[in-house]
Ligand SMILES: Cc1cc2nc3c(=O)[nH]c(=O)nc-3n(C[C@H](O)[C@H](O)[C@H](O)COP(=O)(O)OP(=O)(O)OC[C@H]3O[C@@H](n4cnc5c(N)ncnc54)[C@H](O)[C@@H]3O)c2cc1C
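In the form predicted on its own, a lone chain appears below as structure tokens.
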């Protein structure tokens, strides 16, 4: 069996790895030279967490993803995953707190609930206003996206770099199946999923000289929901000199070939004000910035599905800004769909049918 994977970012690299793992003859195409900083899979760090507030149905998938990330580390010797725990912080009725608690209850996850006093006492890097609470997800940490993509592609026999794919028709004629995993370029190839691409900004602020509490051992990754700043996130220092923060969504709509790459004060100011209000140990002096892109569906959940026009085409790359952590299991699901015509995992919530009443594919089977 010969399969073309279009896109060499997180999802395309993962699919290529999992197909090659099954002995499939796979060729991965990318318009640039992955890992690169022009799409959605870069920035030194990505959060992986288990108490998933976006929906409990993600929990079995992220649990499996942990296993596959460790398998990739074992196969390649790469250091990809650092466990830190994760804090979901907000008011008691915030989606992050309520959703994390719901997922933990459903799946028996190891968590702790922290009130404002305990959160501030245990984690001095957080300035905690009255009424704020947190859920500590103990099965969480940081992934290195560039190293992960490089590791997955190292397990793929054929990678065609600097080769954009303008149309799927030639590939469908030349291969037994095609997997589309091009992130923000998906609308160029697929017109049956409603998508919009969103510009995102990452900012690294310098640490105060005394901020010893911002290390991975003492400062879990966090997602904070606030009325003023929306959803923001933070990563402990990985270089001993700076720490990364960002806003989750809230970015301007864009086009991947015309994205505004320059980061200016309008991007930085909300994050600097957030850090000054909620974090202790950051100076506000910017040491680094970058942009990336989210490819969003209307409901911000994934699409993992066959094309309604040709079941030899599978689309997996509309992950709405929270998909990276799932890459190896999504890649394995794509391999299921290509090789077996279905998967034992429940991906019913990721069907494209939710956007079109006329398209109801069958992509879940009953295998043990």
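None of these values were measured; they are calculated from a predicted model. Numbering follows the first chain given and starts at 1.
One more form of this protein should be noted, the form predicted in complex with this ligand, which is absent from this view; the next part is about it.
Chemist: Can you tell me if residue 301 lies within 4.5 angstroms of this ligand in the predicted bound form, counting non-hydrogen atoms only?
Modeler: No, residue 301 stays farther than 4.5 Å from this ligand in the predicted bound form.
Chemist: Is residue 56 close enough to this ligand in the predicted bound form to count, meaning some heavy atom within 4.5 Å?
Modeler: No, no contact at 4.5 Å.
Chemist: Using a 4.5 angstroms cut-off on non-hydrogen atoms, would residue 182 count as touching this ligand in the predicted bound form?
Modeler: Yes - in the predicted bound form, heavy atoms of residue 182 and this ligand come within 4.5 Å of each other.
Chemist: With the partner left out of view, is residue 342 within 4.5 angstroms of this ligand in the predicted bound form by any non-hydrogen atom?
Modeler: So residue 342 does not count as contacting this ligand.
Chemist: Select from the listed residues 65, 319, 334, 26 the one whose heavy atoms reach within 4.5 Å of this ligand in the predicted bound form.
Modeler: The residue in contact is 319.
Chemist: Which residue, 189, 275, 203, 80, is the contact with this ligand in the predicted bound form, using a 4.5 Å heavy atom cutoff?
Modeler: By the 4.5 Å criterion, the partner-contacting residue is 189.
Chemist: Looking at this ligand in the predicted bound form, do all three of 6, 36 and 41 come within 4.5 Å of it through at least one heavy atom?
Modeler: The answer is yes; 6, 36 and 41 each reach this ligand.
Chemist: From the candidate stretches 92 to 100, 259 to 267, 209 to 217, 162 to 170, select the single one in contact with this ligand in the predicted bound form, where contact means a heavy atom within 4.5 Å.
Modeler: It is 162 to 170 that comes within 4.5 Å of the partner.
Chemist: Considering only 227 to 258, what residues come within 4.5 Å of this ligand in the predicted bound form, judged by heavy atoms?
Modeler: Sequence-ordered list has one entry, 233.
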